[in-house]
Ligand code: F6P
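Quick heads-up: it's one chain on its own, the form predicted on its own, in structure tokens.
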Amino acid sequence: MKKIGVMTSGGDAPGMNAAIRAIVRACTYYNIECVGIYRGYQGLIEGDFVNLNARSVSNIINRGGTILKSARSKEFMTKEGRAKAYENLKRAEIDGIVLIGGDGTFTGGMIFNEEYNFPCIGVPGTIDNDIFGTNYTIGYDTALNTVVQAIDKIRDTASSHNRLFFVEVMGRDAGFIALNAGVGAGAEEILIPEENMGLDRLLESLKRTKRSGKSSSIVVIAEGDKIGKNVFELANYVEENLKQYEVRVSVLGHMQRGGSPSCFDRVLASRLGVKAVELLLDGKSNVMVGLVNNKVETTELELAVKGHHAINKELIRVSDMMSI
């Protein structure tokens, strides 16, 4: 192993730059060359590479996004696209690659490894925290803090005007952000894909909240929640059935992906980045590095993609108790 490639793919997440930095500097420490691959798998297909050294990654640990850019490549989903990628890797004399991303990124790496037996190590970088084999993904903690700060500001307006706010957060398939941010921000109700609350129960809960003396309320809803077609339709339904509420909707959207990474995400990215390089040097492949009970562990890429990262039922119980 003389030269290692690194790339970011899929949705960007705060802390990806910290992971890139860790990988590059670990390579420098072990006297290994490091090559950055721009725009994920699309850059792999196009041979869009850049040599990186310890100074190339100075002053990026605090930056959000990714200096290597990111993209979703339909061409890499074809055999012809993957063949181009393999030829470019061999031409650049790259011996192994570190993939920073989520389940789509790991699925691509897993297929590529099966076809070409090319060493791949995954580093989980996604704000959704929905990857099996790690308690936390890079970017999740920062996104949580961003959401909590936004809800704190929204609550000021809600309480000033006696309004009910529906705050939609990211989480198409998983409610980790909604549940944890909802508890942290003191939301009256939290709607997540894993738990179908139902419209009747939601209405009854909001009525109970009103009877308890609360003049304003916050409902945090994951974008993938199944209770309504969308958050605006749900808000209209509640306003029609609970005339005492003046309802507003706030969709936080992509602001959750941005911003300077938290200390937790910077440290996590540094630990996982170093371990990824060391695994390649040890001849390991087709695994993801993750943090389990504060220890860096490995999980097969297939299990990381197909395994189920369960929502914390205890936290759901706590949120119900806190909403009275």
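Keep in mind that this is a model prediction, so the values were computed, not measured. All residue numbers are counted from 1 along the displayed sequence.
The discussion below concerns the form predicted in complex with 6-O-phosphono-beta-D-fructofuranose (F6P), not included here.
Only one of Leu144, Met170, Met110, Ala158 lies close to 6-O-phosphono-beta-D-fructofuranose (F6P) in the predicted bound form, with a heavy atom inside 4.5 Å, and it is Met170. Comment: 6-O-phosphono-beta-D-fructofuranose (F6P) is not present in this chain, but in the predicted bound form one of His254, Lys153, Arg91, Lys226 has a heavy atom within 4.5 Å of it, namely His254.
Note on the interface: of 184-192, 81-89, 242-250, 121-129, the segment with non-hydrogen atoms within 4.5 angstroms of 6-O-phosphono-beta-D-fructofuranose (F6P) in the predicted bound form is 121-129.
Contact check for Lys210: no non-hydrogen atom falls within 4.5 Å of 6-O-phosphono-beta-D-fructofuranose (F6P) in the predicted bound form. Contact check for Arg72: a non-hydrogen atom falls within 4.5 Å of 6-O-phosphono-beta-D-fructofuranose (F6P) in the predicted bound form.
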